[in-house]
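Quick setup: one chain, the form predicted alone, written in structure tokens, and binding and motion questions come after.
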């Protein structure tokens, strides 16, 4: 047995304390292992990471925000300097396209998130200071004084990576140490990101123990870790079953769990929009569904189309595009197995394959895109048709009219990350009624465009009602809102000013936006309006 790659524990790269086995990355295009061996950590690694991160919590919480911001800026710059190697590694481990996906879209999004975190830290407005001078009460959002455990997903090796993504940036911005459980689908990419993050932490004068990195765990050990009361919070992006198991363990220990689970992201095509631009919408839908082999949490999994001449033309055009589509490469054998099993459930529930679906001919984890169709009555009656298929597949639901069936479908939906309405001017009545039904069922309501793009904006909500996430009040994308998941509300009642945090003192030299006696202002307390 050769040497294994080190883990990042206790502020340094070191050999795993455990002999729980090893794994290698897999090339999805050939289904063969490659690269160095990474350790599968056991209980000793986990305990060391927990103890080290817990010991760092108070120290990191006391750090000046400027140092945190300097870390983010330095880390973003380091990623940019290392971009060619990082992109090459991620491409080998995920088969995602170098251009434009990794190099021009995801990596810049990642560095952009880090720089947004730096700005939010400097502005401090994420702390939401509120002061009631008459009652002598002052409150704000503050660090948890405990580490945050982050489980990274397989589909974004940069932007959602446990050592670089929004969860990581949000936890560090709130001045909490991170225990990163990176995804084993891209260990070398994660290792390189962790090396850059560790170096930037040290250079910024932050605790080197603010980041612990584990590559792989036995599922039972992962549940044990999630249920450790030393954690301040847990963040997870992945399958519903795995996320709910982690949440159950966290709930038993009183650990808040923020989960992104599953979503079918329904798209409603109203007849006026199909009349105006049906052919273009078919192309737009096909491109969205098959982008990145459909491995997006906002993939359009269900498209609702009326049985009309315009609807028939749209379905015919979309089916032709799927029939001509090339193969896509999924991240893993498990992903391909899920794709095939979930598609089989659609068939068993009465859906008809109308486009694509031929067996993939190439090596590796390749699949063919598939387009399915079912009547509205079947979709409403059978919950199997409302389950997520993670990959390049979508289900068209045909309605008898543009109102009653459409509204009934909206009412039957579980919570989703997104819902989209394509409408024209003469669809206004249906559009209004449909939007009213969808609004409480989705985190982001979209007009006239596909859901796959997620802008990194302070106004973005990448969240939604259960079961798309574990809590409808939070987002995993968009700062400063995402930071607030990993904060505690601290209230000070009649406390001497010298003991108050800077955000809550009478003077406001940083110009932080504060709510003082019901009015948001950047003034000092006692300043004349």
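Bear in mind the structure is a predicted one, so any value in this text is a computation, not a measurement. Residue numbers count along the first chain shown, from 1.
The protein also exists as the form predicted together with a further copy of the same chain; that form is not presented, and the subsequent description refers to it.
Each of 138, 487 and 490 comes within 4.5 Å of a further copy of the same chain in the predicted bound form, counting any heavy atom. Put simply, residue 471 is close to a further copy of the same chain in the predicted bound form: some heavy atom of it is within 4.5 Å. Residue 32 falls outside the set of residues with a heavy atom inside 4.5 Å of a further copy of the same chain in the predicted bound form. Heavy atoms of residue 124 never reach within 4.5 Å of a further copy of the same chain in the predicted bound form, leaving it off the interface. Interface membership of residue 366, defined by any non-hydrogen atom within 4.5 Å of a further copy of the same chain in the predicted bound form, is ruled out. Heavy atoms within 4.5 Å of a further copy of the same chain in the predicted bound form map, among the stretches 382-390, 88-96, 190-198, 138-146, onto 138-146 alone. Of the residues 256, 278, 300, 207, just one reaches a further copy of the same chain in the predicted bound form with a heavy atom at 4.5 Å or closer; this is 256. The contact residue chosen from 326, 440, 219, 112 relative to a further copy of the same chain in the predicted bound form is 440, the criterion being a non-hydrogen atom within 4.5 angstroms. Shown without its partner, the chain has 445, 446, 447, 449, 455, 457, 458, 459, 460 in segment 445-460 as residues with a non-hydrogen atom within 4.5 angstroms of a further copy of the same chain in the predicted bound form.
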